[in-house]
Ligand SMILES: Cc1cc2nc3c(=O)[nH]c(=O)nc-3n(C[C@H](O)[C@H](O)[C@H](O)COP(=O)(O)OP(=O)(O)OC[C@H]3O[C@@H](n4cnc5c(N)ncnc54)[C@H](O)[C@@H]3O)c2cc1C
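Only one chain is included here, represented as structure tokens and corresponding to the form predicted alone.
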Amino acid sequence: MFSKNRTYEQHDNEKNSFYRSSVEDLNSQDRLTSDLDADICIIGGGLTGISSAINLSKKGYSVILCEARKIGWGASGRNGGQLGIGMRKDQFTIEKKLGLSHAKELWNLGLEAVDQAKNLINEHDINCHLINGVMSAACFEKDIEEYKFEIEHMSKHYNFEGYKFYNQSQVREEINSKMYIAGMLNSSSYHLNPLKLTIGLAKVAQENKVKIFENTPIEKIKEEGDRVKVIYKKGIIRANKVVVACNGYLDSILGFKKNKFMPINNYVVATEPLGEKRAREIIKNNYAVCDTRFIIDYYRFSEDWRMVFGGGETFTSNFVKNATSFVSKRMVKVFPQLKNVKIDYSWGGTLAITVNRLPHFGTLMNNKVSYAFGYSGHGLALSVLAGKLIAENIDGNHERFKFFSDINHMSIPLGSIFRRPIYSSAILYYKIRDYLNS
């Protein structure tokens, strides 16, 4: 059962984010007023759930999707908007953990994830302001050699030429900040408005006859013979298969599986519009940027030239009371020239961090329940891919899903009690390390 305060409820009293102000809500007219039967029931109206719905409906399944609040209510409509290739960890680290062959399969899937998102955007003319280029900005001396190693390694072993090294003068030409000593551009990654993408894809799902029930939180799922019973406040949905797509908002819907990740609250601000000229004085080529600290800063300009800046995280069950102040201090440290700029929006969201930083895919209840979570802050493209792989797996093609489901994930011991204290200790260590190395 869910805990008393469910994760998605922490957003109920907050003001709109910039993303919510930039697009009309889906406002699905589907209403769930009685018990229903379907081939597939999907729980969660973010990108994993919506992508699963699109891919399964295209295969001929009858699909219904239940979202506890509005489509894009969770991290899919709150994140930094960086549509990145690969995984949260670099390829060399993944090779050491999983071996070269498995690592290469994941790399290819990471490339496919971005291509799939781009293809959907182009095919369905989704206006989500897709812009090329994501820059990693180095804060520490060790990053320089790591950049050079990664560029050479990816060229030699993966024939990938999408990285470009920037020395200190070059990176400061691109990013008008004294914080950084080097940079690495990823020209195969992009940035966009994630809520516009999420709502745009939800409309595609509706065009494929997917029923979308907003404001329909699911309380429990239960195996019932050869089917699954999905219990909500006013009734029951019976389905042949269920997809649980809640990521950091999973709570206890999958029981002990919540101990496979740590829910982290992260925060974002959006300034007043600065205008293109001033924005390009700050980020010359309008790249998205993330730095190399453990608790990263990430930022980009929006379609109306607001600085959208994310940074700082908390691990308690409650959000910070003043996200504007919390994040603005980090922004001004990077860009002192923004000290007196007005902050128009601030918001938070919850993401799921696994111990190894790789996504956790799997099935339960004799393969009748599929799930994917734990994107570890790198889920914008991977969540769209996840829906495709979940659909393949349900349809009997298991090979590509298994590249993720075969990854061994550590559980946090007595996670319900200790996962937050354990992570808070780790965060303190890395905060001190970041401070001493800065």
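Don't overthink the numbering: it's just position in the shown sequence, from 1. As the structure is a computational prediction, the values presented were derived from the model and not from experiment.
The same protein also exists as the form predicted in complex with this ligand; that form is not shown, yet it is the one meant from here on.
*Asks:* Though only this chain appears here, would Gly183 touch this ligand in the predicted bound form if you measure heavy atom gaps against 4.5 Å?
*Replies:* Although this ligand is absent here, Gly183 would stay clear of it in the predicted bound form, with no heavy atoms inside 4.5 Å.
*Asks:* Evaluate Ser383 for contact with this ligand in the predicted bound form, applying a 4.5 angstroms cut-off between non-hydrogen atoms, and reply yes or no.
*Replies:* Yes, Ser383 lies within 4.5 Å of this ligand in the predicted bound form.
*Asks:* Does this ligand get within 4.5 angstroms of any non-hydrogen atom of Lys196 in the predicted bound form?
*Replies:* No, Lys196 sits far enough from this ligand in the predicted bound form that none of its heavy atoms falls within 4.5 Å.
*Asks:* Give a yes/no on whether Phe261 approaches this ligand to within 4.5 Å in the predicted bound form, heavy atoms considered.
*Replies:* Heavy-atom contact with this ligand at 4.5 Å: absent for Phe261.
*Asks:* Every residue in Gly45, Val268 and Tyr298 with a non-hydrogen atom within 4.5 Å of this ligand in the predicted bound form?
*Replies:* Yes, each of Gly45, Val268 and Tyr298 comes within 4.5 Å of this ligand in the predicted bound form.
*Asks:* Please identify the residue among Tyr345, Tyr249, Tyr287, Phe361 with any heavy atom within 4.5 Å of this ligand in the predicted bound form.
*Replies:* In short, Tyr249.
*Asks:* Pick from Thr216, Thr292, Ser189, Ser302: which residue has any heavy atom within 4.5 angstroms of this ligand in the predicted bound form?
*Replies:* After the contact test, the surviving option is Thr216.
*Asks:* Okay, which stretch from 115-123, 80-88, 327-335, 153-161 lines this ligand in the predicted bound form, with non-hydrogen atoms inside 4.5 Å?
*Replies:* Heavy atoms within 4.5 Å of this ligand in the predicted bound form occur in 80-88.
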